[in-house]
Structure formats: C-alpha cells, structure tokens
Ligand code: SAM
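A lone chain, given as structure tokens: the form predicted alone.
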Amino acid sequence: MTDHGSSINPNKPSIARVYDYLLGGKDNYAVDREIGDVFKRDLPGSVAIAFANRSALTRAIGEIVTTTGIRQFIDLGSGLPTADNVHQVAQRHDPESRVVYVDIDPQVLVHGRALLEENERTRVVPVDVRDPEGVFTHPDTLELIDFEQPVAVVFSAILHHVNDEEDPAAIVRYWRERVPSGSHFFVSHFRSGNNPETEEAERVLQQTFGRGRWRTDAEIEALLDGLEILEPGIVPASLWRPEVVDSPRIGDGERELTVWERLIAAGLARKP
C-alpha cells in the first residue's frame, strides 16, 4: 500500500521509503526521513517495530520452505528491498523457489525491474493490493505461479495500511478462495496496545498517509477466518518462533519485550 502514480515524487512521503529509512536503508528522501524522525525522536524505541517485523518475516519464509513443499510465494505490498528479501531467503533453501512481489510505489518498481535482471524466478506486479483480482490475473503472476499447487501468500506489514472501510478481510478471503489446500498465509500487523504509544503512532500515520489501523489480536485473527492458525498463534512478532531457522534474533522469548516490540504481531496460517 504505497503511493499511486507512475513517477517517484521526492516531495511526498512514501510508506515504503519511511520503512526503508527506519531499517537503515538509503532509498529515501528528506520528506521520508522527516516522518521517520518523528518516530525516532518522539516515539523512542518505535524503530524496533520495523526490525521485529522484518525478522519474523525472514523466519516465516525459512520455516515454510524447510517444513512444507511450498516453493512459490506472493508477497503483497512488498516494499523496498532489504538484506533478506523473500526470494533470497527462499532460494537459499531451494534455488527453484519463485516469488511474485506486488507493490505500486514507483521506487519499489524501479528496484523490482533491477531485481528481474538478476533473478529469473522473480516478478514484480505493479498492482494495488486492494485489487486482488488484478494481481491474480496479471500475466506475470500467471507466468510464475501455478495455482494448482500450494502457494505462500505474504501479508507482511500491509493489512494495517488497509482501512476498515476498504475491507481487508475480503482481500485475504479472495486469496484463500483461490489457492489450494496446504497453502500458507503469513501475516504481520500493527498490534493495538491500548496505550499512548499506540495512539500516537497511529495518529502520525493517519495524519501523514490517511491510513494506518492498529488492530487487536482478535481482529487480526478474524482477518484469517477460514484458515488454520498455526502455533504459536497471533503473537508479538519477536515471539513468533524465535528459535527457527534463519532467525537473527534467537532468544527473544527469554527476555521481557519492550512496549514497542509488542505493537507488531505475526502469525502463520494454513488453508485446510
């Protein structure tokens, strides 16, 4: 869920570029750093949300490839590249793994085109995640993904940018109805803490982008209706299988999490 339009606008903040800045990346502009600095300065510790989320995603992809036969992924609202992108983690375990990245941020698409030049098993589909039909029927999706076989559908830090009136549950349901049994769904999502930190962070995002919806564990679980939520359920991202392969944060479960680390949840579900 990112900027609409076909050209990069350095004067308008982008959700993908703000994330990039918070993760220590270089693909951002002053306008993005200004928003990122609100989190760094006024909400100290909030940057942990971005790192906890990315770490859980890395673990989930490794888990899927090493424990299931799934070798095809659709990463919805993928954002800008970091050190461990979905295709890099998946292909580390099986070079045959295929990944479709979906995003409409112009800068993400520039990086995506560069990615295609070096990896023939990736595609970048420039369709809004709120248009799942457009993603599903896109020629690049159909070229790479075999919907007769199980698929991993990745909603990493994207559904909280879909406001209630845009019906995020319908987006998940669309994909659930079109992938076969055995398919997996990874979700990470801003987790409501009913505290001042949550309220302030939500206010900053809504004021800047007009979107950003914190949800409770029960609300996040409801988005996965009809799917079997795997252990340990919907939990703070740092506590989602911290011991599994590809985890750079082993031992997270042995200490008390900060209030910020509790504000991003993660879960993995399977279509029965």
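Quick caveat, the model's predicted, so the values are computed rather than measured. Residue numbers here begin at 1 and follow the sequence given.
Absent from the display: the form predicted together with this ligand. The rest refers to it.
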One residue of His111, His93, Arg173, Arg130 in contact with this ligand, assessed in the predicted complex (non-hydrogen atom, 4.5 angstroms): Arg130
If we take heavy atoms and a 4.5 Å cut-off, which stretch out of 196-204, 151-159, 138-146, 175-183 is in contact with this ligand in the predicted complex? 151-159
Looking at the partner-bound form in the predicted complex, is Val124 within 4.5 Å of this ligand by any heavy atom? no
Should Trp260 be classed as touching this ligand in the predicted complex when contacts are defined as heavy atoms within 4.5 Å? no
With a 4.5 Å heavy atom cut-off, would you call Tyr19 a contact of this ligand in the predicted complex? yes
Just checking whether Ser238 would be counted as a contact of this ligand in the predicted complex - the rule being heavy atoms within 4.5 angstroms. no
Looking at this ligand in the predicted complex, which residues in 194-221 have at least one heavy atom within 4.5 Å of it? none
